[in-house]
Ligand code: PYC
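Presented below, as structure tokens, is a lone chain in the form predicted alone.
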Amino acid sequence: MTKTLRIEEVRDLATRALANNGASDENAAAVAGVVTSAELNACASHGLFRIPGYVSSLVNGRADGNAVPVVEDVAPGMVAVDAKGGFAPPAMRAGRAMLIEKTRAQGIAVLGIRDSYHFAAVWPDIEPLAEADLMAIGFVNSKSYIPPWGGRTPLYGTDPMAFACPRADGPPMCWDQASAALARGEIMLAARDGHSVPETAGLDSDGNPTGDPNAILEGGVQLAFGGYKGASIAMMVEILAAGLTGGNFGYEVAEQNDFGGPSPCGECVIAIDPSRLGGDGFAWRIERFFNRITEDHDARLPGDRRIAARTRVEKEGTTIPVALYEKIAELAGGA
């Protein structure tokens, strides 16, 4: 059974569930904002599905729902944000304005967030930068789920990354993908709904490839996409998101709660002002490039389906399992 919610109802439900369990109004609004964006973009694995994990982290004290991020101007082209053990969305919101200012002044700047609990997709962190006519790439690490190439012991996180590019005609092009062959949220959804996953997604506890999501989640490991190439990218993400920022590496992260709550790791965002190198015609040159891509039969730009979903979801609402709705409504103190 499913239930359809309007986007305004999604935001209200998520906000109340967080605030009812220890998040300040500002933190609840920031986290609910990224959850709502995920539902609006038909990204169910990072939408309301994540709220029980957020709440569990608040209740058990792993994440501080009243944390106030501290923004540090550490260099002409660098911004550091100490999330103070809180969720990542408030930290990103706190540091974004300085990152934009420095990027426009220097041509390029980097934002590093440490001691934050990240549980969202990465594209909501960087798409606002592209809306401000900047290019951006973001990296986030997590608790260890992926072994190094040739290994069997989890060391790297799913370690997602996202890239956003402004356009002259249309919303920014923005892709978001994990270093893992399949995002952990997708495997969790498959387990919940009784679906199999590709055998390239992970190994069972005996080290055998498996399409059973439960075997991967319960004693198995996830695999990087593309074999050793993906494992190398996961290593890069760990270095940028954790090593560079002072955040925790995946193997330093304690066991999470039963809901698969957020990991206290790090995030790195690099922003570039394309007008400094590409000139005033950059956006139109990119637009012509994108047109060449989409003119080829059924080719599409990364993120096109997500953008197309916005109009549909805004009009029709988003549909979630009734059991999930009832759980979140209970956490919110009532429907």
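We number the residues from 1 along the sequence you see. Quick caveat, the model's predicted, so the values are computed rather than measured.
Keep in mind the form predicted in complex with the ligand is missing from the figure; the text below concerns it.
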Exercise. All three of Arg50, Thr158 and Gly185 touching the ligand in the predicted complex at 4.5 Å, heavy atom to heavy atom?
Worked result: yes
Problem set entry | Which of 245-253, 106-114, 193-201, 177-185 lines the interface with the ligand in the predicted complex (heavy atom within 4.5 Å) | 177-185
Exercise. Is there a heavy atom of Phe119 no more than 4.5 Å from a heavy atom of the ligand in the predicted complex?
Worked result: yes
